[in-house]
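Coming up is one lone chain in structure tokens, specifically the form predicted on its own.
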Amino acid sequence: MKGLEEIAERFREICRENVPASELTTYKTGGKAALTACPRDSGEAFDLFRAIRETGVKFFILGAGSNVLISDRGFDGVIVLTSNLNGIRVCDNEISCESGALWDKVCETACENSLAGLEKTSYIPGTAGGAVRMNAGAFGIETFDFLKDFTALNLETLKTETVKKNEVRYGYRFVEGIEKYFILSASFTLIKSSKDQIRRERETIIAARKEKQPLEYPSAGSVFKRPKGDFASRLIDVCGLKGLRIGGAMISQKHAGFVINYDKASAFDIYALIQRVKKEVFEKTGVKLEEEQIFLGEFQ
């Protein structure tokens, strides 16, 4: 495609062509991205998105790839990666981080600086930008609980904005209008506390995740949002779906909320298994499970 060629040529220092999805997502499967681009600063991000708009090519913003399944047919546009934007800074009781900073590193940095609030979200396998985008959370704590604001490039106006928490509507795994932004950084207001106490809580959370989650296999974490008043994993379990396989994809025996790449699964194996689980849970319980994961590309 001409537009992709133009971008690849203009931004050759930060672009790669035909990158396998196995290198981009934690599911470790899927087709190829026609082009990836990894801006090194906000100015380069601005130039890149201006070129994307001028050429009209498709794009998708990707952090750690821990909540995304890319089709076996790949993605015929630009995947914009945030991994070069990974700075973290602490000032008094605030922590600021760029969008590509790994979320667990943000939690660890907060802990080491005696700042409490984020420790229950330790070991979430994503980036700060991804956490803000979906209001990620765990054990009753969500990203927006401590968010002060985020700075982002508005992709509609190509202007940089700082958005305060009270200026957006948000909820469980939801932030209204977030798709119009390329998040550059976020700031969190935390609570000064005992480093030892925070570290103990963090270590307890990490140990619980390792014990209860199938981290030995490629996956993208919990597939479904929590149904009101219940848990997706409980519903999947009571429907007798633990261990169900389609191709190389399997419902984890350890945690029914996880679909794992058990044996060289294709992206379609994983997608088909997710759809099968939704169908059977609805037929047996009347509950419609809703994915929190994103499907990129064609699956039909």
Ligand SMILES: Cc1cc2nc3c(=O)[nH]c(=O)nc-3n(C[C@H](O)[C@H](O)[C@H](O)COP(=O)(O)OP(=O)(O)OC[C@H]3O[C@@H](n4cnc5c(N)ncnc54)[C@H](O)[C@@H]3O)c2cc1C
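A residue's number is simply how far along the shown sequence it sits, counting from 1. This is a predicted model, so every value here is computed, not measured.
What comes next is about the form predicted together with the named molecule, which does not appear here.
- Only one of 226 to 234, 187 to 195, 208 to 216, 111 to 119 places residue heavy atoms within 4.5 angstroms of the named molecule in the model of the complex, namely 208 to 216.
- Contact annotation: residue 89 falls outside 4.5 Å of the named molecule in the model of the complex, judged by heavy atom distances.
- The closest heavy atom approach of residue 70 to the named molecule in the model of the complex falls outside 4.5 Å.
- Contact annotation: residue 77 falls outside 4.5 Å of the named molecule in the model of the complex, judged by heavy atom distances.
- The shortest heavy atom separation between residue 258 and the named molecule in the model of the complex is within 4.5 Å.
- Contact residues in stretch 63 to 84 (any heavy atom within 4.5 Å of the named molecule, taken in the model of the complex) are 63, 64, 65, 66, 67, 68, 82.
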